[in-house]
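What follows is one chain in structure tokens, specifically the form predicted alone.
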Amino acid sequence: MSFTPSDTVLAMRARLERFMDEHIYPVERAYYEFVEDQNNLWKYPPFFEDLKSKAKEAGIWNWFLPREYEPWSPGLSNLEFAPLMEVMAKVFWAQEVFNCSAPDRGNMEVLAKYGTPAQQEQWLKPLLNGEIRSAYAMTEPQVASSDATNMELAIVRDGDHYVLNGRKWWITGVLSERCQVMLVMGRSNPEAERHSQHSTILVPIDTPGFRIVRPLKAFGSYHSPGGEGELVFEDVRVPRENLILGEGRGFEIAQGRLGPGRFQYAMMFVGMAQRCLDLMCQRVGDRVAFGEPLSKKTSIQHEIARSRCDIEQCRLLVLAAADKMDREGPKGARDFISMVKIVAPQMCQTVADRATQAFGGKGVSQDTPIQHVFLTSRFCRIADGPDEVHMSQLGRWTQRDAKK
């Protein structure tokens, strides 16, 4: 089995790396200084739209959509996109510059796969053009949301409309000034079989009865300009045409939304971890302590070696997952998908922790992206499904296969 990129992918990666060198890395710190200023809450830096325009002109745009999503896809397979995602993720916010960021990435997959022509015209096209942003509203404060079948927000049919009542929280991107629509998952058929009780419906952000209760801080940060919010739906009425796929199909949509997006998410951690390792190597070569560069210390050499091993193992696992997804689809790749969901964020957190230690005080400051990588990795070990859920699923499947 070979994961060597094709000449086409190598050329695309070279274009992407040039773009990162010329346009992203030079303004990386300026971006964080702007969005972390409380006077700029939920706003983007003034140069951000220019970066997106340059990315469009360079043709580095919407590369995340696999070829089965034609006509919306640029034609890449999951395996071909993986090394490109790794480069984009070396600066976390750069994914949005190329219109390849979550939650829009998953929402665009849903609309491309399940949306009606009218839904695609109204919402998918402006998302693909990078004109608007979106949110995916599933998690609820009153139930264990790691089990999607627990969702209680009520979606009740009333003539030509559906009426929504309930509460959501930790909804990423909803606070952005560019967020215009949410994909909301709720219970529409409470008497049906457990996995057929829920539906997903499109709710414009300006619909009467919807309000943002408060922004939520994660590890003391609002994560501006997208943020995470707690939401309330009080008699929110939306047209029946806003329902995606049909009543009782919400769980199916939730699973489908996490198809290609799952390994893309995992490759993001590979890119962030590689960036931390690169910075760590530069730091220990430049820094002198107790009469010699830190790079001469055996303990530092060991930490660098462990980090390289961890990253390479995770990278190969994600590439294997992408390859299996291409050949067998999400169902055939589900074991590998669970593995990358378990391994990738923990690996990235561990590598970022080692880099933090090597940098000392600078490692926990705003002068490097390392503290952001560490906190993002830790946050995602809950936000994208707790480690325990993925491990339980993988454990059950592994035991099942062993009995055959």
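All values derive from a computational prediction rather than experimental measurement. Position 1 is the first residue in the sequence shown; the rest follow in order.
Not pictured, yet referred to below: the form predicted in complex with a small molecule.
- A heavy atom within 4.5 Å of the small molecule in the predicted complex is found for one listed residue only; from N99, S176, T172, S188, this is T172.
- In terms of contact with the small molecule in the predicted complex, the residue from T139, S307, S199, Q95 that brings a heavy atom within 4.5 Å is T139.
- In summary, the region of this chain contacting the small molecule in the predicted complex, judged by heavy atoms within 4.5 Å and restricted to 124 to 132, 141 to 149, 317 to 325, 274 to 282, corresponds to 141 to 149.
- For V389, a non-hydrogen atom is located within 4.5 Å of the small molecule in the predicted complex, even though that partner is not displayed.
- When the small molecule is considered in the predicted complex, F48 lies well away from it, no heavy atom lying within 4.5 Å.
- The small molecule in the predicted complex is not approached by L394, whose heavy atoms all lie more than 4.5 angstroms from it.
- Using a 4.5 angstroms threshold between heavy atoms, E228 counts as touching the small molecule in the predicted complex.
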